[in-house]
Each structure stands twice: as structure tokens, then as C-alpha cells.
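Okay, so here's just one chain, in C-alpha cells, the form predicted on its own.
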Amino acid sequence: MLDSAKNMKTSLIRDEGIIKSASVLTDEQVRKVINDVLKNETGARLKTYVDTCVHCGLCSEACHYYLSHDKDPSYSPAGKVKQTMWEMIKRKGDVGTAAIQRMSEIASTECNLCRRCAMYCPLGVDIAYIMLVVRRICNKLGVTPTYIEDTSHSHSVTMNQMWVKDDEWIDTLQWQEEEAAEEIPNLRIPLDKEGADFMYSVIGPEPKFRAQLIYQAAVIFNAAGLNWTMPSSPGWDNSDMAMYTGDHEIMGRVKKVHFETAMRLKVKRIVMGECGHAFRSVYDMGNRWLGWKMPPLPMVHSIEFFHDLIKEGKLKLKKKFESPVTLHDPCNVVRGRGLHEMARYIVGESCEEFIEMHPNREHNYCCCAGGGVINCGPPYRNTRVDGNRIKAEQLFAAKSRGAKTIIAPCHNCHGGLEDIVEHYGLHMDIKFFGDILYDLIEKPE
């Protein structure tokens, strides 16, 4: 057997989801699954990307892992493909079980699928797609980091990523409604209201850890006089970690329930909370796996929604946020949807002083938490924060020009930036747009 693992780094992290699962595989099983996926689930797209890469290295300078590891070529996008997909193809799947462990770790924890590298590739090679195929192969072999696999299983069982039970979900909404009613007596969080203008969907961590964001959204919608609803049944969670483990079957089930819930309620559109990966899952990946080029009804991210409410005069701001702010551009709604100018409009209308990070907009550096990497759990925390020293330097430069608060309209970005701020001692606050607007809008007496 040709052991392609001999030239690869050996991880010091002991992830049982990778090690134990690989230990029961045979080389023949690895070979069979690789060749099955390459033959039956890929086609001209993968072949074109792999065959047209000329190894020019222009993608390297785009990658935060490469820049943060003193330009170690093994962390470059092309270097990561060379250690994974190129080996699989070159050896016709005969890579061995030891190599699969490291390939899984590279694809799942050393690449955020942020697609910044694709912007700088003169041939347009989408390395994020290649890494997703590697994750798909590893998932079919059962070799996936423990924490994110557990999250994927939660999706499968409960249709949300945090094992939130049906009654717990409803209890949380009622609790937030009661809290908000103390401030605004007539406020309601309407459940299962057929024919509403929109269904508001959130990600699993909101009822589990950030319930105040549901409270704040309800206050904002109430102040704007909107006709909206939330579902009481599964389908309320728009997130999808199965998308990032390569378990397309679970991804499809979760997205099908999300879409069908909205259609059952006969709403005109879905408005999503401030999350980037969830938007990617319903706007770009889950819908296509189900056979829709575009989602079956309009999907609107909170950035676009808040932008329109302010521009149309439906939200009145009584003052502006006084602390100087900088803005983090989430990969999946900026490179993936082009909402960067809308985000800056909201900042301009709501904040006294705005200090740009550089680079910014679609050129901004990833938070290093997206792409499912933060969901691989505590074993890889240092992998993330050490792998994004360049982001810490970017934030420090903005702070040195006066920025005190980071606005990050994405849950995973919040988690990643919180770790970076703590690890590098930056002492900056991090807020959602919802946090800012809730404090600034004119509320009913």
C-alpha cells in the first residue's frame, strides 16, 4: 500500500471522532468510498478545478491560515488541496486510513470555506467546494470531528442544532414575550399565524444561549408595526451543521422542514436572524440539494431587512450609538450575497463614528469560526485563534484608530471574534445589529 500519510503533519489533537472511527476502517473501505464519491457525486466541476490549477500560489496570500502561520505553504489553499484531494485522485483512493485522519482534520478545522482564495485565483478555482468534497468523503467513512458530528446528529433527531425539545422552544418564546411585555405591554410573539408577511427564523443557539436576541427582534418588529410570525413546531431553526460535515442527506431533510414550515404558514417570505452559515444553507446549498435553483420562497437576511426598515422610515432612531465602531463583514452574506453596502448603510444611520477595517467588504478576513470550524469544539480552539493572528492584527489596527466596538452580524463570527479578542487581549466589545437597533429605536409608550 502507498502510505500518503508519511509526508503529512501528525496532529497532536486527540479527537475520538476521527481517531476511533478511522481505527476500524480498512484500506479497501477507504479506497471504495473515495472512488464512489469521485465517480458518482462529482463531475466536470471538480475535474476542471483540479486539472486547471497551475500552482501559481496567488491564492496563498488570500488565506488567513497561511498568513497567520508565517506563510507556511502547507497552510495555503493549494497546499491543503495537495494534501487531500490531489492525493486521493493521484493514488486512485489508495491513501490508507492514517492519511484519512489528517485529511479530515485539514478539511474540517484548517479551512473555513470562506472562498476568499477563490477571489484571488486567476482561474476561479473554488477550493471551498473541493474541501467540501473531502469532508463528504470523510463523513461517509465516519471520520468527522466529534463535536460537529454530534451537532449534525442533533439536527437529525430534533431538526435543530442544540437538542432543543419542542416544549422548550415554545417555553422560551413565551418567556421572551413575557419579558418584553413588561417593557411594551401589547407586545406579542405570534405563533403559527397563517398568512403573515414573514416568518422569522433563528439558529439553535438563540433559544439556548442568546434568547435576548429573540426579545430584541420582537421589540424591533413591534416598533415597526410588522405583521409576522414564528413557528411553534420544528422548522424554526435555519442553521445546518450537516451541510459542513458533508452529510447532505441530513442537510436536505433539515432544509425541507424549514421551507415546508414557512409554506404551511402561507407566509410571503422568510426573514432570518443574524447568521451567515444559515443563510448559505438555505440560499445556496440546501435548496440546490433538494432540486431548487433558488429557494421556493424569498429568503431575506437581517442585514437586508433592517436596511429596508430604516430606509423606508419604518424604524425611527431616537439617537445614535456613541461608541466608535468597526464592522466585520461575514463571509457568507458578503462574499456570498453582497450585503456589504447595506450593512454600511445601517452603520451610517445608527452610529456616530465608523472606523473601517482594512481590507474590508468582500476582501475582509474571515473570523476563522465559520465553515463549521468553531463547531468542531474545544479541541480545536487554539487551531482557530492561532490560525487567525492576521484577523487580530486587523482588529488591533482598527482599535488603534479609535474603534471600541465590533459589529458582527453573524453568530459564528461572534464566537470566533470573542475568542480572538480574548486570546490577543484586544478588549473590544462585540455586538449584533439587533443589539444596536434595540437600544436606539423609538419604542411605543
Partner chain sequence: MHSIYNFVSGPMVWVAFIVFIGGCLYRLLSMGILAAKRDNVIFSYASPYYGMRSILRWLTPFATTNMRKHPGMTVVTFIFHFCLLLSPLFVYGHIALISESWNVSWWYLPDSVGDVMAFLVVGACAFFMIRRLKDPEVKYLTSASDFVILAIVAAPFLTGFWTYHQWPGYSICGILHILSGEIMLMAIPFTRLSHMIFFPFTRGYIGSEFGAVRHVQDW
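Numbering follows the first chain given and starts at 1. Given the structure is predicted, the values throughout are model-derived calculations rather than measurements.
One more form of this protein should be noted, the form predicted together with the partner chain, which is absent from this view; the next part is about it.
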Should residue 223 be classed as touching the partner chain in the predicted complex when contacts are defined as heavy atoms within 4.5 Å? no
Determine whether any heavy atom of residue 354 comes within 4.5 Å of a heavy atom of the partner chain in the predicted complex, and answer yes or no. no
Verify the contact flag for residue 324: yes if a non-hydrogen atom of it lies within 4.5 Å of a non-hydrogen atom of the partner chain in the predicted complex, no if not. no
Are any of the heavy atoms in residue 126 no more than 4.5 Å from a heavy atom of the partner chain in the predicted complex? yes
Identify whether the partner chain in the predicted complex is within 4.5 Å of every residue in the set 211, 380 and 416, based on non-hydrogen atoms. no
Only one of 416-424, 380-388, 60-68, 403-411 has residues with a heavy atom within 4.5 Å of the partner chain in the predicted complex, and that stretch is 60-68
Within 4.5 Å of the partner chain in the predicted complex, counting any non-hydrogen atom, which residues from 106-126 show up? 115, 118, 119, 120, 121, 122, 123, 124, 126
